[in-house]
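Presented below, as structure tokens, is a lone chain in the form predicted on its own.
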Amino acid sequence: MTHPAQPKASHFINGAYVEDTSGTPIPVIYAATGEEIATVYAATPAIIEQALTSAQAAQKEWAKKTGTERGRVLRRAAEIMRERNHELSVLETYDTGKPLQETLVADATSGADALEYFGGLAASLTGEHIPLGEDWVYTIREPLGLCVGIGAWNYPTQIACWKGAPALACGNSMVFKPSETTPLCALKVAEILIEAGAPAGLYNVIQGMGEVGGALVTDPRVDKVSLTGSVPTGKKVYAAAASGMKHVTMELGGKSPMIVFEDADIESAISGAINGNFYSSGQVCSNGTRVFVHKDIKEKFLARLAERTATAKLGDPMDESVNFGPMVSARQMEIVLGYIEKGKSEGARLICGGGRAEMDGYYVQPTVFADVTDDMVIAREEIFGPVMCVLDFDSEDEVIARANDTEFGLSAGVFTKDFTRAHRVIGQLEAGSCFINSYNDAPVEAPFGGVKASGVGRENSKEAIKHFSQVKSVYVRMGDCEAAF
């Protein structure tokens, strides 16, 4: 009997599931047990061609619809997604290994939020009138055309919607390539969009590794590339897109600072540190993995953090009482364990965790290092696992300089009861998505994205509209046109 996670076919193109088993097989491994639960096949050149051809044709028709009509489809898709939240959350757990307790509230629900939000905005996408004496200029907000989305493995449903919803709201079509590690969820997003009334071909999903992504990014029919991934991958994709003068959004990695001042509410700050390091087993790009704690409260903070971390419940992700799941893959687990060993050898003080959990699947214990210094590898490189680095600091100016001393700039957080200081410090931190007395909130209404090596462009909010549309300006002369001769 096939596993319930096995999709009807590998790809979803032109409104239907499509299979081509001559592509490279991609095993889908359930991170909680290590067993193979499904197989999909990488897109062949023929599959890629079908996806691009149908998306290009669908986009022409979709762009002719009014914003109200487009919005109606997206909002209907959001409703369907909410109705099916339980089954979509179970699939997300099979795909990623994340606990069902988490996927029920964070994944399909946030995808539905994006579809609803951009569905609501679609009818409001207008240009402007610019008076110039008796002449005038008007602007038109136009779609870019055919967009490519390339997903990461940590939030497969959410990323498919975060990219698809604004693209479709603006009148574009999309070909989405999920991560080969988590290929299942995006297929359901495509299926639901068709059910909601999207034309066949408007949102296609095809599977594959880097070469499939490369074929999409370099195809001359593609107008825009939106990638969520690592900085090295982002640099490659950005360069390839630039050679074709394509629009890009790059949502890349981080090594974000979370600063805890001496007057902070310690329980609240620890909650922020737990959310910013252990949610999704630490597999979140915006995580605040460098936790700077003021020397005056450091030991109190660490003692309480260790107590609370000890209550994390590891186990079967389908058990709703479990709140800490495995790494997404064996490879990711090995990478994280390698960083933990580096932290030990560099002389950081291990507070808790520090190794693989004794159970089936790819579980790494929630791990905290203290006495971490700025030059340690664990404080410089993105680990993408449940490893928190706690660093000490004395003064505000010192901690701002150290927080900014990184190639990354995705997120930053400050915990303090002094609101003047909170705003002053956040104002000086080089990061795109920041938090005061909180961490890792990502509502669709707020822009999300980074500075420096953490990327370009913004997802979510009205800002995303700017990245999936372009402005045409039209100068209207009311009198005669004159020339020098």
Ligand code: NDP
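Don't overthink the numbering: it's just position in the shown sequence, from 1. Everything numeric in this text was worked out from a predicted model, so none of it was measured.
What comes next is about the form predicted together with this ligand, which is not displayed.
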{"property": "Open or blocked, once this ligand is placed by superposing site C-alphas in the predicted complex (3+ ligand atoms within 2.4 Å of backbone or C-beta means blocked)", "result": "open"}
{"property": "Touches this ligand in the predicted complex: E251 (any heavy atom, 4.5 Å)", "result": "yes"}
{"property": "Partner contact for N154 in the predicted complex: this ligand, 4.5 angstroms, heavy atom", "result": "yes"}
{"property": "Touches this ligand in the predicted complex: V237 (any heavy atom, 4.5 Å)", "result": "yes"}
{"property": "This ligand contact in the predicted complex: V137, any heavy atom under 4.5 Å", "result": "no"}
{"property": "In the predicted complex, the residue from L74, A186, V387, L410 that sits within 4.5 Å of this ligand by heavy atoms", "result": "L410"}
{"property": "Contact assignment for this ligand in the predicted complex, among A241, C352, L146, I150, heavy atom within 4.5 Å", "result": "I150"}
{"property": "Segment that reaches this ligand in the predicted complex - one of 174-182, 364-372, 92-100, 343-351, heavy atoms within 4.5 Å", "result": "174-182"}
{"property": "In the predicted complex: members of 362-382 within 4.5 Å of this ligand, any heavy atom", "result": "E382"}
